[in-house]
Every structure is written in C-alpha cells, then in structure tokens.
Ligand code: GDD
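Below, in structure tokens: the form predicted alone, a single chain.
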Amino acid sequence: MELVIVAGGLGTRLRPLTFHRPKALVPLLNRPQVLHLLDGLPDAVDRVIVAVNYGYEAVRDFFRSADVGRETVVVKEPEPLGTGGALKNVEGHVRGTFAAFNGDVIDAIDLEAFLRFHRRHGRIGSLGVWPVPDPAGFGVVELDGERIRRFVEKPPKGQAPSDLVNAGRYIFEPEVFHFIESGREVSLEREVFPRLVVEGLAAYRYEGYWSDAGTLTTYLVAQAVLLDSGRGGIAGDSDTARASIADPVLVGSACLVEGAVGPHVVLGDGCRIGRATVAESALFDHVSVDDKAEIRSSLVGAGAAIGEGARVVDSIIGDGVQVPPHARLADARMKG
C-alpha cells in the first residue's frame, strides 16, 4: 500500500523560513516536518510517494540520503495545480488502495485502524475528521451516521453544520482519479469531494491530537501538542545548569542556556541563550540570544542572533538575521 504525501505548497505563511527550504523540510521538534508523518506507519505501507512542486530538488535530495525504512519516491509537479492536481500527478505511481496525507498536518492517527475502517465501509474514499472549537476557517462535514452528506468549505462563523473538519487524512480507491480532471488546477475540497459524496464517502473520527502546522500560530500549537505528548528532553551534552527551565522543552545538542526557557520551547543544536527569556517559541540551529532579550510566540531561523535587550513577539525571524540590541518586534517577518 502507498502513502501519498501532498507537500508541494510554497509555504508562504511561514516565510521567510521557507525562502531557503521547502515547507516539508522546515524543522519541527528539530526534525524535518515531513518525517513526523512517517512516524508509526504500519507495515501495510511499503511505499511513500511525496508530491512536490516548490523545493523539489531539496526534498528529493533529502530522501535520497534519509533512511525512512521503506521505499520513497519523490514526484515533481511541474506546476502547482491544487490539491487535486497534485494527487492526479502521482496516478501512475499508485497501484491500488492508497492513503493520502496533507503535508502540513501533525496528528496521532492510527493508519492501520483507519484502513480497517475504510475496508469495512467499502466506499471509494474515507476521510479523517476532527472536532475543532471554531470550524469557520476549515472544510466542515455534515454527517449521516458515518457517511458524509455534504461539505461546507469555510462556512461563516456560527453557520457550520457541525464542529467536524476535514483533517487532511484520506484513504482512496484508485477510482478517485476518474474524478480529477487532468491539465488544470483542481481542488479536492471544493470540486472533487462534493462529487464523491454521491458515490459515498465515509468519515473516520479518531483520537489523540491534531494540528495544522502551516502558519506561525498553528506551527506553535503543533509544537506544543508534540511536547505535551512527551517528546521533550535536554540533550546530554547541553549545559543548562544555570538556566531556569519550565517544562516541556526540547533542547538540542551542544547548547548553552543561562536564561529562563519554557514552557513549549524548542532549541536547535548549538544554540546560545544568555540571561534572556524564551517562551512558546522555536529557535532553529545555532541561534544566539543575548542577555535581557525576550522571545515569545515566535520562530527564529538558523544562525540568527537576537541582540541584548531586544524583544521579539509573534514574529518569524529568517535564517541568519541579526536583530539589533533593544529592538522591538511584534508580528514581524524579518529576512536576511
């Protein structure tokens, strides 16, 4: 069985971090985000197909050197043609029933249980669904038992037919390709799924955790969810003896930390944190933070430096950026 990962987006909402890396390779808990989708795959998945447009060469080269325990094929999408077009582009690589995952979702789905559910229902497709407090910004499903009656894409606030949203986790029979037109941009959510409702689509509800990770806010939610699930820790060769640590945190290798760090903070390898404050944030490899600086609810790219007394809140700082001492950044996007 194949797993198709749709990972071709430009990652515009995480810029400037995605100027120099595709979204699939943006670190999440110090690992490329795409690797989290491969954790715990059942033996039934013997082949992974990664559909990529932007950053194809980088993703291809990554999987050439990474051992993920199963055959991996990276397929280039010559031009972005939407979620449906990305799926149609890998049709020739699919041999039978297959799973498809949106590449910017982190969750705890049990794919083996999902596959059993799909086979029991015997329909052309099954969709994972997840409850959210405010479904207005999502594709919402209306159900009749376990069968999907209709989709409402991003309904106005207060008008959603349920709190269950499309979780970006699918299992399809190969007949789904008959519903995706070639050579043009096609949206699975707006064009294909409403047609498949007539054929029969089943909704699979699951437990654990779920989060989109495609924006600053949702990335930090996904990071917190993973840390809360027990994935934190401090590398043995890092020095945090003079730090104040508020768990959960993840501290990479060869870090020196003297300030107040946490909760929900990830430090990449080789970070240097002076007598500063870092909370609800991710700092990639080799970031330095000088004394009296403060970082909250932000992402800081590899090799960046935060000057003494600077304050960075709700911001994305690009790789190698030098934030001047005593700067005040809020909702900022800084590139090198």
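Sequential numbering from 1, following the sequence displayed. Nothing here was measured: the structure is a model prediction, and the numbers come from that model.
Keep in mind that the form predicted together with the ligand is not shown, yet the notes after this line are about it.
- For Tyr170, a non-hydrogen atom is located within 4.5 Å of the ligand in the predicted bound form, even though that partner is not displayed.
- Among heavy atoms of Glu258, none comes within 4.5 Å of the ligand in the predicted bound form.
- Though the partner is left out of this view, Glu77 does reach within 4.5 Å of the ligand in the predicted bound form, counting heavy atoms only.
- Using a 4.5 Å cutoff between non-hydrogen atoms, Val287 does not count as a contact of the ligand in the predicted bound form.
- Listed stretches are 199-207, 260-268, 176-184, 150-158; the contact stretch with the ligand in the predicted bound form is 150-158, by a heavy atom cutoff of 4.5 Å.
- Residue Val52 is the only one of Leu299, Val52, Ala293, Val34 with a heavy atom lying within 4.5 Å of the ligand in the predicted bound form.
- Taking the ligand as positioned in the predicted bound form, the residues of 85-104 that bring a heavy atom within 4.5 Å of it are, in sequence order, Ala86, Asn102, Gly103, Asp104.
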